[in-house]
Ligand code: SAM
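Taking the form predicted alone, here's one chain by itself in structure tokens.
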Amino acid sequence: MIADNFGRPLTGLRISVTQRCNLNCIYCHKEGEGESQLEMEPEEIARIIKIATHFGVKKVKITGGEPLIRDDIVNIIDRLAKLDGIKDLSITTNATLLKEKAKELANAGLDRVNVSLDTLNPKIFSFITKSDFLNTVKEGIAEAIAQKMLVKINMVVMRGINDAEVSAMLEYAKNINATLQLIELLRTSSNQEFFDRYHNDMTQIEKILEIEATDVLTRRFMHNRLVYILDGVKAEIVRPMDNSEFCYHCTRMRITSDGKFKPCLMRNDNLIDFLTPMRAGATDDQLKELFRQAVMLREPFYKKPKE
């Protein structure tokens, strides 16, 4: 297992396979990527993940854009699922295309799906996503569950938009046997006005969960994130903002859709291009060295204050 200069082991990768998307969500940060139409081929994705497994990476999450837009997404999943060392293969999706692809994805070896679903209210859904696909998304979730895949619902909680729906989302997650992940709105360099208007302080929600929970677990290798067990449903709160605890327990790195190692979501000044060398004939040893360089560039974006 490889660790960065702050002693943080790297156990997982988030790999964007496209920047294309069929929705236009108001809070989307595009995985911190710039504009690019370049996409890796399935065999290139599999090769770089195989390189990562050499260093102990065991978890891979496929992201976008909307990854299911790719016609070859099942091929990608199939290649990654067959790699020795990968123990957890998941995908983050808006689920608009999940119903028609869930069976193929499950058969190819996909373990889990994270579905972005912020509301059960059609009008609010339309406001957030600029679409009317709510029922399609719910049908996709139902099909994923029917295919025995684990489902996690990602809900970005925004003040004055959907913050009153947490209870309804908990009930929905309970009914479909899914985990609900309550995500704090992320502040980026380009969304300050939006953030100021819609950012919701998660403290009150967390206090309520603490009171109502029958048990609380700590996900040691997921930023020490707390998991609240409430009447048969699991709920997690993701609070990355200005959170040194989150950063100091980060165990993952990103890969951009155009073939670059991205050591931190919040930075674009330390990316390591591997696709250009790969397409120019780089050996596995050369790609391993690029991977090492990227890992050594990892550092907590929000550092702990000095005592």
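Treat the numbers as computed from the prediction; the structure is a model and nothing was measured. Note that residue numbering begins at 1 and tracks the sequence as displayed.
Although not depicted, the form predicted in complex with ligand SAM is the subject of the following passage.
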Quiz prompt | ligand SAM: the contacting residue among Leu170, Leu185, Ile128, Ile141 in the predicted bound form [heavy atom, 4.5 Å] | solution = Leu185
Self-check item: The single option of Leu275, Cys28, Cys264, Ile49 touching ligand SAM in the predicted bound form, heavy atom within 4.5 Å
Solution: Cys28
Exercise. Go through 57 to 65, 36 to 44, 256 to 264, 278 to 286 and give me the stretch that gets within 4.5 Å of ligand SAM in the predicted bound form, heavy atoms only.
Key: 57 to 65
Self-check item: Touches ligand SAM in the predicted bound form: Asn162 (any heavy atom, 4.5 Å)
Solution: no
Quiz item: Going by a heavy atom distance of 4.5 Å, is Thr119 a contact of ligand SAM in the predicted bound form?
Solution: no
Quiz item: Just to confirm, Asn75 within 4.5 Å of ligand SAM in the predicted bound form by heavy atoms?
Solution: no
Quiz item: Quick one: does Asn154 come within 4.5 Å of ligand SAM in the predicted bound form, counting heavy atoms only?
Solution: yes
Quiz item: Which residues, if any, of 252 to 286 lie within 4.5 Å of ligand SAM in the predicted bound form when only heavy atoms count?
Solution: none
